[in-house]
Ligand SMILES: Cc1cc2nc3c(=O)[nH]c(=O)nc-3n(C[C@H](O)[C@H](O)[C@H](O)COP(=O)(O)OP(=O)(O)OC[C@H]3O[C@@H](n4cnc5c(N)ncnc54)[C@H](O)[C@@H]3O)c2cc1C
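Before any questions on how it binds or moves, here is one chain, the form predicted on its own, in structure tokens.
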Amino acid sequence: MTTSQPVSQLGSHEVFNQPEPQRAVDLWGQDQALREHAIAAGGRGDQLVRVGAKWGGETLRVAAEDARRDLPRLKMFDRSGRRVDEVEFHPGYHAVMQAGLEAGYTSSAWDGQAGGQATHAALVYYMAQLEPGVACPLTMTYAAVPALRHQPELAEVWTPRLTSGVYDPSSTPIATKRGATLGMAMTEKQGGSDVRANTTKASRDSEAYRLNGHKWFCSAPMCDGFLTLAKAEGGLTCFLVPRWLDGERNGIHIQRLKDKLGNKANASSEIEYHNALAYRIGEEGAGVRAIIEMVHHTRLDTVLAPAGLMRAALQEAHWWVSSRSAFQKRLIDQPMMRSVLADLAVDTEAALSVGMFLASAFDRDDAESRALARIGVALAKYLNNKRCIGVIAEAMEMLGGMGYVEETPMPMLYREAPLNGIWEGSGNVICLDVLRALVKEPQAGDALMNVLLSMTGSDARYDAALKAHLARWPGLPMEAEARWFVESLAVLLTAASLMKTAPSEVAEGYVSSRVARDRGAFPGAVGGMDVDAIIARLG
């Protein structure tokens, strides 16, 4: 079917030197770095080919835009004054949620086939480019599966529905559903990341419990259940709180939806438990130990999501500068512009590379891989999210004034950029977690060092940086230097991942500028990179 084209010849002027809008992007076919790193990590190329074409297509892109524009609405009461505590979404939100579940976002990692975690990681990277808001309920649903293993009778009921690939947003009990999603409600006002300061109470009710208390953040309040922490007689305990009961609503009252900087399509909320029915996961007093598996897996997603956000911004900037001219030259032919573009491309591919490298460790079941995954996701989460904000800001600047206009994706991407650095542990919390892991889980430090040492001899600048790190910190740093210590390790780990799988122009560009620090303070203030080869990889 042909459609009429917009009018370019206007009464006062002609529209020219304006790139045609991108109606569709092939998220797999146009991303050479993803193809290489995902396959190297064991990802399922056939699945990613299909999903990349669909998720980059116009239909879902429009649905995602609609979900962001027409925001979720809280419906606390019906017309008669009865509580309903439901959130209403634009159909575009439901369309993207359905696409995520059907593509295997929550199930690929758990279906028993090879490369499941790497495939899941690539889907996270895709979703960050389509609609980051739905990633919250999808990621928590994926990550809840290992946490539920602490309570087999609950896992038997919930896991098949969490991994079914079916989207069922109906307000009905879990037993009646083919598909389900799980959220999380941990944070309280007085404690924040210090969940041991939680005050929500849990009291026994036959084989279950009843919860009473307040949760300052409950992401995705229309999920079918929530993992939460409350204080039982034996101490801080993990619980599964179902959203819907047989013939009644559980005692979960939504107080308000959070008015957030970004992530607008996702209805983050504040809730109260009023005698809410809950089921224990793990033993009383072992709540942190029970929930840590979920946190560990959500952190993998907070490594890949910023990589996807950076890729979306980079792709938009590359499209713009390839199609627009200034000062008698295409923007992409201007030497400084090329330096900036190549520099951003190196950061973007580096974030993807370390994320896929760690996803492959999640796919392996040996002790060393588990230990590497444990510390690696903390390091990469810290670095990728710190890089993300600057990369997207610089990509926005490449569009000039148009980058600041909501008709482009740049403002949305910029608002999303800080989120994953805050979610599941902000920067200081992550650094403290790295120090804790090195003390309590020495195998994690050994596994990390094995990776770093395995790449010595590949580049003298890398060898010198590793030697300098070990000389500066022969043991653990003082807490005040923890950020420097973590950044150094994260940069070295990322360099090692690139030297394993990336082409030489990217790996050497990263080592010279990020490891050896032969650069200025801001993107594009570099020299000696193979700019042409790096830009050629952008598609």
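Sequential numbering from 1, following the sequence displayed. Model, not experiment: these values are computed from the prediction.
Keep in mind that the form predicted in complex with the ligand is not shown, yet the notes after this line are about it.
- Only one of the listed residues (Q113, S325, N428, T172) places a non-hydrogen atom within 4.5 angstroms of the ligand in the predicted complex, and that residue is N428.
- Screening G400, G192, P160, G390 for any heavy atom within 4.5 Å of the ligand in the predicted complex leaves a single hit, G192.
- With the partner omitted here, the stretch from 461-469, 344-352, 301-309, 184-192 that lies within 4.5 Å of the ligand by heavy atoms in the predicted complex is 184-192.
- Taking the partner from elsewhere, W423 is found to have a heavy atom lying within 4.5 Å of the ligand in the predicted complex.
- Although the partner is absent here, Q151 is not a contact residue: none of its heavy atoms lies within 4.5 angstroms of the ligand in the predicted complex.
- The ligand in the predicted complex is approached by K260, whose closest heavy atom lies within 4.5 angstroms of it.
- For the chain shown alone, V439 is not a contact residue for the ligand in the predicted complex, no non-hydrogen atom being within 4.5 angstroms.
- Applying a 4.5 Å heavy atom cutoff to the ligand in the predicted complex picks out no residue from 345-375.
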